[in-house]
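This document starts with one chain, in the form predicted alone, laid out as structure tokens.
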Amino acid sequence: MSRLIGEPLPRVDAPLKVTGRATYAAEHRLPDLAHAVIISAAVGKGRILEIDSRRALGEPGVLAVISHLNTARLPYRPHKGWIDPTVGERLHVLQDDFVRHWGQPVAVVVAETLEQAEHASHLVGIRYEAEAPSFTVPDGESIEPQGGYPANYSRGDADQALATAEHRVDCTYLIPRENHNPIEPHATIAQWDGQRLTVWDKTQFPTNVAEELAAVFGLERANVHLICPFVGGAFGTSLRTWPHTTLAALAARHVGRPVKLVLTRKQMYFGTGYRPETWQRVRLGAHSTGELTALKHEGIAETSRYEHYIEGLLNAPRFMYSCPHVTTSYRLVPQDVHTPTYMRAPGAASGMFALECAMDELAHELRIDPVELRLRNEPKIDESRNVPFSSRSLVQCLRTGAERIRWHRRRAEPGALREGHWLVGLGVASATYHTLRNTASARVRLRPDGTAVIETAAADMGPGTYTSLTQIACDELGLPPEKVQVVIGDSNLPRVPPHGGSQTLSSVGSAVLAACLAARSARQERAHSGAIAGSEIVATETSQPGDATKRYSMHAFGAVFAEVMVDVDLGIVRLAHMVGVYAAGRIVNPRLAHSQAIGGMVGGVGMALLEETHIDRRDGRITNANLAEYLVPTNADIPVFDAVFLDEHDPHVNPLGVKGIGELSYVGVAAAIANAVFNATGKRIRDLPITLEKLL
């Protein structure tokens, strides 16, 4: 049998999805199922004075109106999942009369049908004592984040180096809040059996949901079972356990029946997290020949008052280019908002936008080609840690991408290239994302009939986890795909890290590899001993990262090239062509990798040209909490993308030699487009998104 790793195997779960047999969180059918609807706070800060539920309770089919007035105090035992903020405490839902942000859940209506619950929710009268919420990025009082990524970094003397630099650029960049908009909305079904709770929930982290609910309700962990075989897109929004999941379980216990709760599209804008608004200032100093002498990068991001969300906003500037004098500073501004969360390429997408735009501005100042400027500042080691890279193929990415997009056509003078009434511009940006690997476990069952079952508590929000794990198992067990079944999305299966941060294949894949090797060894021992093969062979293995992360700097790299056309009179931006070249170690499935890359690039287009959450600063209301006014890319916005993967061997990152793709492919896209727009128009847009009114 030929090896499957490296082959473009079609998705093994595709037949279930295209025929509608894949069951998502809201689609599970339970007898006697009731429906719940959240009532969201209509003020941005304050207290609840009165909740009048009499009219709602008088409506047909209404079972309960639950609020802080009639629900039990929940234990809310301490719990910090791998992805929860280390500073602060999660929202304790329906536990007091305080309103901390617009849209906070203040009550839940439960009824026989969804329509009855929705109707009754409009009949509940709520009076508030409102206060003026605060939204002050970047002018508010900032704090130094604690825990997680370091707030400050320095080598050399960046201030002195900037003061004496031959050439300098000093630029400020603003990225607005962005919201996740996966096809599948958040949904939870909860069912109690005495003190045992079963939950069907949309999540990227099954075991964490079970652990969070056990902590909230004061249950033994073994008494909570989470089921989530399929996820209809997530991008980070389902990494945490949000209040609606607790509310579904609370409502089910209150009415003594299973309850389904599905967030509306509008509620997803304030019921779950988002990419935080960031303000960044980048100062670069360089010789006239292009070598960097100084880099100073400051970043400020929004967070809630009750939790401090931290992301790696300024990680990449520390190692991306060779520079003797580097200073970075990261601060948070607490506001009367709900807590941000991880969104595809968290931190890296925002931080690299600022850095790569600043590099383009420096290239223009020095009259050096932007690709050449990056090549001249290629580091030999990670200068922030003084260790070698496990592998780094950025130079090859830049050269390959330049060739594919025909970079030689680019003109250094903005506006010099035209096609009729369209100005044509080309832009480039580097991309990087750190390579994660965490402890993961997997179980393999070799059945007497010659089939195998792979079990692990992973999730699959779309990149193809079912398929890639199947390929790994097939190769190690010597079985065809139809003989291997992958079972995931269940908190009772062997524990793994969250399905996020581009770590699933490196972590879970390594565990599956180890379990398959153990199972194969047991099968061989049985064959050599002459034992009767009448029972299944079970092997459970845990894969852990070693000390390689201390000896090497581990990252995936890429280069993004964009060609845009800008209408001379109207300022309309059209993306004509985009090339992404990526060095991400071993590619298990080229078909899935290409799909991942295209998806990330499309997301970056949204960041560059369309996405922006609008907040009414008077009360915190999100004014475009819908897909009519919060714009995301459609097919009409996207030309044919060219996603290329280099052949890169990295023996240090993990046993499979793989690196993540999902986050990497998002990074650099917005900067490449912004740089291309400048090349076309001569107008430097430093606050996203790039809209026609900013170009006119």
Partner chain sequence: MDSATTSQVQLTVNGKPVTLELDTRTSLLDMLREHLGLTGTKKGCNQGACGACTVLVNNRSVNACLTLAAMCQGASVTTIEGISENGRLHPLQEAFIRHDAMQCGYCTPGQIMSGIACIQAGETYSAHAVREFMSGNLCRCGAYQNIVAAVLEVAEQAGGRR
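Numbering follows the first chain given and starts at 1. Quantities reported herein were computed from a predicted structural model and do not represent experimental measurements.
One more form of this protein exists, namely the form predicted together with its partner chain; it is left out here, but the text below deals with it.
Novice: Can you tell me which of 519-527, 175-183, 303-311, 88-96 lies within 4.5 Å of its partner chain in the predicted complex, counting heavy atoms only?
Specialist: In short, 175-183.
Novice: Report the residue, out of 233, 290, 545, 324, that has at least one non-hydrogen atom within 4.5 angstroms of its partner chain in the predicted complex.
Specialist: Exactly one listed residue reaches within 4.5 Å, namely 233.
Novice: Of the residues 299, 462, 346, 317, which one places a heavy atom within 4.5 Å of its partner chain in the predicted complex?
Specialist: By the 4.5 Å heavy-atom cutoff, the listed residue in contact is 462.
Novice: Answer yes or no: in the predicted complex, does its partner chain come within 4.5 Å of a heavy atom in every one of 29, 60 and 595?
Specialist: Every residue of the candidate spot has a heavy atom within 4.5 Å of its partner chain in the predicted complex.
Novice: Within a 4.5 Å heavy atom cut-off, is residue 265 in contact with its partner chain in the predicted complex?
Specialist: Taking the distances in the predicted complex, the answer for residue 265 is yes, it comes within 4.5 Å of its partner chain.
Novice: Does the 4.5 Å heavy atom contact test between residue 119 and its partner chain in the predicted complex come out positive?
Specialist: Residue 119: contacts its partner chain in the predicted complex.
Novice: Would you check, heavy atoms only and a 4.5 Å threshold, whether residue 626 touches its partner chain in the predicted complex?
Specialist: Residue-level check for residue 626: yes, a contact with its partner chain.
Novice: Is there a non-hydrogen atom of residue 651 within 4.5 angstroms of a non-hydrogen atom of its partner chain in the predicted complex?
Specialist: No, residue 651 sits far enough from its partner chain in the predicted complex that none of its heavy atoms falls within 4.5 Å.
Novice: Out of 612-647, which residues reach within 4.5 Å of its partner chain in the predicted complex, heavy atoms considered?
Specialist: Sequence-ordered list: 626, 627, 628, 630, 632, 633, 634, 635, 636, 638, 639, 640, 641.
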